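Just the one chain here, the form predicted alone, laid out as structure tokens.
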Amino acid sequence: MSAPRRLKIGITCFATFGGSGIVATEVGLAMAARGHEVHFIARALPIRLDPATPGVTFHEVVEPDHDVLQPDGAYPIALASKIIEVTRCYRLDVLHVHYAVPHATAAWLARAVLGPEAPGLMTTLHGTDITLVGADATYLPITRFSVLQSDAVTAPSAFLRETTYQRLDLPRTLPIAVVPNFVDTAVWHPPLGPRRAPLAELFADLPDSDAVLVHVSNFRPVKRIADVVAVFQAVHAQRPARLLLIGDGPDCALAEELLAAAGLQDRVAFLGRQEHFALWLGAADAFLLPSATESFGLAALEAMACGVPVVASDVGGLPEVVVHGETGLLAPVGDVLALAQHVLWLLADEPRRLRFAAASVRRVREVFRAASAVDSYEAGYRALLAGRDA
């Protein structure tokens, strides 16, 4: 029996500090590790992509500087043009785009130009492309069209799959496969040394009795940063606590203002955007994620992989990741008091917290294995290739 064909895969994603770009990058790196040829086609280098990785090539999308095409408006056209160029040069078998608009839209345009030589198209939905962009009456028709024009569609959670059917009024005959997000447990794992040792460089005087909470996000309004601060303040009122804030975004300044007003700025470490923060994450006692909505919650999965119980909103796809009462605790969106009480209950008994931590690591390794997700994507690619060849 001959060996499976080596695939030529194009991947398009956003390069920002967010779950969709991280997942897309991890999928591409995993495919390259399996011997496939992977081409990233994006506006900028994805945050976790090393372009020197064997089997990986990065193609930058550059918008034309024309008066009639303002930079933001030119991106989908420039992306479609780059997809055409890369496909013709490297004869791509499949194009895997992350986000319906503008990526699946640009891919459809490129395929219309390419005709018979067009690669198969898989679109992975990640959340705001459906719950925010797709819910906007202005963009709903093009979002729906872009999804329908895809050869295969995936979503990271059953919540997002159902939301997509409802928001876009899609026929149930259109299959949307649920492929959960994943983490590399070789990177995201509990600390191998003293758990709190990394905190010494952040806090000069950190008693063992101080609780350490952590939040990681892109600091957009949907993350409810004010609630992160309010939960921390409520916890600190009951027992001394510290807070790690990892990431950056529009509401970072809001966090600074609220913490200063509460007189807690000296008990907080702002770490900004970080590519590698597993050690700091693993040093915390609990992870806060009081989001207004989460289609999956990759940040929660990373925390669980590092042995950190999650206290989060009971919303969207989060209950599919965090098992209430086993790997973390959930509360209604905006219920700061309940979230704070969950943290205090969890940290009041160290053996209890350790049970939650161990259960979190076990769930990640049993349910959210990288190999399972990558197997699903690779099987999908091969099905698209077989269909195109036929």
Ligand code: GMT
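In this text, all values refer to a predicted model and were calculated from it rather than measured experimentally. Numbers for residues come from their place in the sequence shown, where the first is 1.
This protein has a second form, the form predicted in complex with this ligand, left out of what is shown; the following refers to that one.
K.L.:
Counting only heavy atoms and a 4.5 Å cut-off, does this ligand in the predicted bound form sit next to every one of Gly10, Lys82 and Pro119?
P.N.:
Negative, none of the three is within 4.5 Å.
K.L.:
Of these, 207-215, 125-133, 161-169, 264-272, which stretch puts a heavy atom within 4.5 angstroms of this ligand in the predicted bound form?
P.N.:
Contact criterion met by 125-133 only.
K.L.:
Is Val23 near this ligand? Define near as a heavy atom within 4.5 Å, in the predicted bound form.
P.N.:
Result yes; Val23 sits at the interface with this ligand in the predicted bound form.
K.L.:
Examine Lys223 and determine whether its closest non-hydrogen atom to this ligand in the predicted bound form is within 4.5 angstroms.
P.N.:
It does: once this ligand is placed as it appears in the predicted bound form, Lys223 has a heavy atom within 4.5 Å of it.
K.L.:
Considering only heavy atoms, tell me if Thr154 and this ligand come within 4.5 Å of each other in the predicted bound form.
P.N.:
Flag for Thr154 set to no.
K.L.:
Give a yes or no for Gly380: in the predicted bound form, does one of its heavy atoms lie within 4.5 Å of a heavy atom belonging to this ligand?
P.N.:
Because no heavy atom of Gly380 falls inside 4.5 Å of this ligand in the predicted bound form, the answer is no.
K.L.:
With this ligand left out of view, which of Tyr99, Trp188, Phe277, Trp108 would have a heavy atom within 4.5 Å of it in the predicted bound form?
P.N.:
Going through each option in turn, the one that passes is Tyr99.
K.L.:
Going by heavy atom distances of 4.5 angstroms or less, which of Thr87, Ser150, Asn181, Ser313 would be at the interface with this ligand in the predicted bound form?
P.N.:
That would be Asn181.
K.L.:
Which residues from 276-298 come close to this ligand in the predicted bound form, meaning a heavy atom within 4.5 Å?
P.N.:
The stretch 276-298, when checked against this ligand in the predicted bound form, contributes Thr293, Glu294, Ser295, Phe296, Gly297, Leu298 at the 4.5 Å heavy-atom cut-off.
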